[in-house]
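Alright, two takes on the same chain below, each alone as structure tokens: structure 1 and structure 2.
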Structure 1
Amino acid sequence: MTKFVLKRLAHTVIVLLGVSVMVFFLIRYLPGDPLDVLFTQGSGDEVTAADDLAEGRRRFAEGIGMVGSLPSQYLNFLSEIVQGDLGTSIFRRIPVSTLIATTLPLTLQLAIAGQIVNILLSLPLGIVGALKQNSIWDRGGTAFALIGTAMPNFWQGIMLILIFAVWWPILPVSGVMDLGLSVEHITGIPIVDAFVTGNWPAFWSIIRHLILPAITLGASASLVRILRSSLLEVKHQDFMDAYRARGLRERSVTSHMMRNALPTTVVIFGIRLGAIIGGSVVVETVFAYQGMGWLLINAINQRDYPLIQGIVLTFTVFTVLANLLSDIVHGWLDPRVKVEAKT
């Protein structure tokens, strides 16, 4: 197991290196220049203080590492990453690591809430669909999962806003909590901090603000088909008939089915968790939820190269680690699986 984990971590380094190359060069070949945006907005003190516009532009470019050839700029960027420095945001003048540390807990909070919604929808639909195969409940659950998967997140979000904020204004549609409320910073995750400190007004406000974004992220019920297929595969095995022949209750038989179908579902769960973290970009933008996804969209609009690079690399790390964790749990749940063979 240790050898497997070390190999996967080494693969993670290679993946991060490849992603860093792609992000670094691709964003620089896109139309637009952060210096043009900055000079147009007139938001740089270095620019206005310079006697000559070209000289001020050159000095500012040197300050943010945008001088020399692209390969040399990339090597400088890579050396800074090795030292734990993701650079400084061009427009916010704040270290990228600080901005990520501020917004990452909000994205994790939303991703976990979305995955909880996904599980709460997928478990009953998948179990009922397997136990009552080809029934109206099975077909209805499968249709619901297909519709949820096919419908884009931004469309789901807009429809939820229309229903629960326009037609029936019962839920907030933007922000993390109501204005005027705040929580003491302990873990950085607002809902946890509010619960730990007993700040119940903020706690319930955070939950109300989480409902619509979490439903948008998790309504796809992406685990339904995987769980249903795994349960059906186990359901028709000989040892399940043996359980019934021994006189076990159907509830006990179902628990044995779940235990044998769980490993495959766990793998998909880990993959889906990484996808939800990445998919939060759209949802955070729709609901003005100021997490990393919302920050990434703003950075792209401003061509804030260091911030884009730092956020994309962070998303990549979480996606790879989620897949690694799911593989480890899979090997632990299913002794027949040799994790070393996956390498």
Structure 2
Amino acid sequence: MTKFVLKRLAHTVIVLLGVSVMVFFLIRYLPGDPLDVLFTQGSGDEVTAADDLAEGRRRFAEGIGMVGSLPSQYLNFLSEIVQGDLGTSIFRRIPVSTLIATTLPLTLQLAIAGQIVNILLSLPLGIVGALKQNSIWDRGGTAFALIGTAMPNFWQGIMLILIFAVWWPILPVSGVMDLGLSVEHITGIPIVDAFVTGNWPAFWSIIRHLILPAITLGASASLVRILRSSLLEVKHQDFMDAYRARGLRERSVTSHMMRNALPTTVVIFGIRLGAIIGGSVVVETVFAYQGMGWLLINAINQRDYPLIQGIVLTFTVFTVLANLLSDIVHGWLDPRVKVEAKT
């Protein structure tokens, strides 16, 4: 197991290095030099002398690490990000790492809530679908998943707003909690902080604000098909009949089936995290939920390159680490994986 984990860890480090190179070049090889864009547009300030502009530009370039040869720029960039320094936002004049530290917990909170909705829907649909294959429940579940994947989640979000905030106004449509409420900063995740401090009005408000975005993110029930097919794969294997032949009750047989279908589901769940994160960017924008995805779209509209770079990097590192984690859990659940890694 240790060897397997180490092997995966080494691979992850290589991928992360590659990701850092790519993010580095993406931002530096913009067709219009970002510095040109920043220092020629917008101000319209006739008084500013050309010298001042050039001087400002030079200082600014220094500030975001765009001076010197490319390799040395990259090494600087890498040593800074390893230390958690992602530069300073051009427009907000706040360190990017601070901005990410305040928005990331909100994105996590939303993503987890979305996955709870997803699991609550997928688990019964997937299990019933596999146990009663080709029944009306099974077909209904498959149809539900088909419709869920085809529905654009931003549209789903807007329609939920229409139903639950316009036609039948029972839920809030934007923000993280009601104005005027606040929670003490402990973990940074509002719902946890509100719970720990016993701040029930805020806790309730946060939950109410989470409902619609979480449904939008999770209602596609993307796990139904995965769960169903991994259960079916196990269902038709010989050892299932062996259990029955040994006289196990059908309920125990089913629980063995679940246990054996789990590894595949976990891995695919890990792989799907990328899609979930992409979805959160869209959902946060629809509901003005001030997480990292919402911040990314803002940064793009403001051409705030250090901020864009920092967010893209954080999202990707998170995805890579989540994949690593799901692989390790998979190895732990499924002994065959460890054996393969040894040979």
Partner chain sequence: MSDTDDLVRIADAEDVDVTSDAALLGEQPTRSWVVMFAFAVVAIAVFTAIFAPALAPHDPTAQSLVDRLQPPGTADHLLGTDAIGRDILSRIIYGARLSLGAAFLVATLTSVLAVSVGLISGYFGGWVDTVIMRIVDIWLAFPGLILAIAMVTALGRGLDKLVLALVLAGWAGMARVVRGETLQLREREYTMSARVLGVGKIGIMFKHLLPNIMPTILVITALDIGSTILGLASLAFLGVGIGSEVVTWGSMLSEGRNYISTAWWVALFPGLAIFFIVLAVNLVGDWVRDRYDPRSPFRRAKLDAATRKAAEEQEAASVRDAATAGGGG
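Note that the structure is predicted; figures quoted are calculated from it, not measured. Structure 1's sequence is the ruler for residue numbers, which start at 1. Superpose the two forms; the largest set of C-alphas matching within 1.5 Å is the rigid core.
Each structure shows the same chain on its own, and structure 1 is the form predicted alone.
With the core held fixed, residue 209 shows a CA shift below 2 Å between structure 1 and structure 2. The Cα shift for residue 323 between structure 1 and structure 2, taken after rigid core superposition, is smaller than 2 angstroms. A movement of the C-alpha atom of residue 300 falling short of 2 angstroms is seen between structure 1 and structure 2 when the two forms are aligned on their rigid core. In the rigid-core superposition between structure 1 and structure 2, residue position residue 244 carries a C-alpha shift of 2.4 Å. Relative to the superposed core, residue 20 has its Cα moved 4.1 Å between structure 1 and structure 2.
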